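We begin with a single chain expressed as structure tokens, specifically the form predicted on its own.
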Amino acid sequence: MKNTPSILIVGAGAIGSFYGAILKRAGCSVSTVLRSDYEAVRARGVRINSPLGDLSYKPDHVYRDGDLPDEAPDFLILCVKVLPGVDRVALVAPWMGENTRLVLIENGLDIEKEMTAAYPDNPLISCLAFIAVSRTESGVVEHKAYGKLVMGRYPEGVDENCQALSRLFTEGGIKVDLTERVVGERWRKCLWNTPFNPLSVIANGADTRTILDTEGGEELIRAMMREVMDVAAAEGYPMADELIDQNIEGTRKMPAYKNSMALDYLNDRPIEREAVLGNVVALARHHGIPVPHLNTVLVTLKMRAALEGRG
């Protein structure tokens, strides 16, 4: 691997564009694979407003989905949403080389297995992004707060590839925590995503402040978090009780934020219902753990999807 490795972002929406900008600041060659934003990014680059300053950049190469690269990247970072019908293996197939490190910056539980099955000889780095960021128009991203990554080798451990990528993100200006148990960290991320994201959809795209400040809202969030913790413990990943308070306090400190699921819903895009919520409820059933609040939200989302013809 070169001293300044080449990076390819597949799924350069809000998340992918932001972390591409960070790696660009670290001196990497950063290219993108785009669908709807191809013309805008090719013409003007990616514009990012951020508390870190102006992170705008022009990718070294801008590819359309279906193009072929000049050479395989050192790190391929996959940032697409985990949705039914999205073949992530096929999306990365044209770009994977013998020595390419595959990096997932995606939400949800149990999302790595199909990728490791397809590419057993390529190291897989699994990452959790703790960030408030959204795409406001084609090629334009607004970063509101945070940006920390938690990463580890899947299924466990930290290797030299994790360490190398962590150094690059750190040089670019964000905090990275390396973890030996990345699956456990996915459960910690679900502690926030599993309550807030689905509730935002049921409440017609409500932001975090509306959810917490509505009478009974914080109480509901806390109850859903408790149920997530119960399922995580049954899976072998117990979490400290104080994490609930920490998540609530951290959310109240950041600006009112419409999460990615809310924005997808408002823009008539599919939502990551199963990856974020459905998989947790399925594991609860497997262990015989009651999760009445999570199950009610899941069933309500399914009813709403059926009524609106979203599936």
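Just so we're clear, the structure is a prediction, and the values are computed from it rather than from any experiment. From 1 onward, residues are counted along the sequence shown.
Quick note: we don't show the form predicted together with a further copy of the same chain, though the next part is all about it.
**Asked** Among 105-113, 179-187, 207-215, 118-126, which stretch sits within 4.5 Å of a further copy of the same chain in the predicted complex, heavy atoms only?
**Response** Of the options given, it is 207-215.
**Contact residue in the predicted complex, from Val158, Ala203, Ala72, Ala234 (heavy atom within 4.5 Å of a further copy of the same chain)** = Going through each option in turn, the one that passes is Ala203.
**Message:** Which residue, Ala145, Leu83, Val89, Leu220, is the contact with a further copy of the same chain in the predicted complex, using a 4.5 Å heavy atom cutoff?
**Reply:** Looking at the other structure, the residue within range turns out to be Leu220.
**Request:** Indicate whether the candidate residues Trp192, Glu249 and Met254 are all in contact with a further copy of the same chain in the predicted complex, with contact defined as any heavy atom within 4.5 Å.
**Result:** None of them does, since no heavy atom lies within 4.5 Å of the partner.
**Request:** Flag Leu199 as yes or no: does it have a non-hydrogen atom within 4.5 angstroms of any non-hydrogen atom of a further copy of the same chain in the predicted complex?
**Result:** Leu199: yes, in contact with a further copy of the same chain in the predicted complex.
**Asked** Arg285: heavy atom within 4.5 Å of a further copy of the same chain in the predicted complex?
**Response** The answer is yes: Arg285 has a heavy atom within 4.5 Å of a further copy of the same chain.
**Request:** Determine whether any heavy atom of Arg25 comes within 4.5 Å of a heavy atom of a further copy of the same chain in the predicted complex, and answer yes or no.
**Result:** Output for Arg25 is no: heavy atoms all beyond 4.5 Å of a further copy of the same chain.
**Prompt:** Are any of the heavy atoms in Val297 no more than 4.5 Å from a heavy atom of a further copy of the same chain in the predicted complex?
**Reply:** Answer yes; at least one heavy atom of Val297 falls within 4.5 Å of a further copy of the same chain in the predicted complex.
**Item:** Sequence-ordered residues of 230-267 touching a further copy of the same chain in the predicted complex, heavy atom within 4.5 Å
**Value:** Residue within 4.5 Å: Tyr265 only.
**Prompt:** Which is it in the predicted complex for the CA atoms of Glu137 and Leu199, closer or farther than here, knowing they shift by 3 Å or more?
**Reply:** Farther apart, which means the C-alphas of Glu137 and Leu199 are at least 3 Å more distant in the predicted complex.
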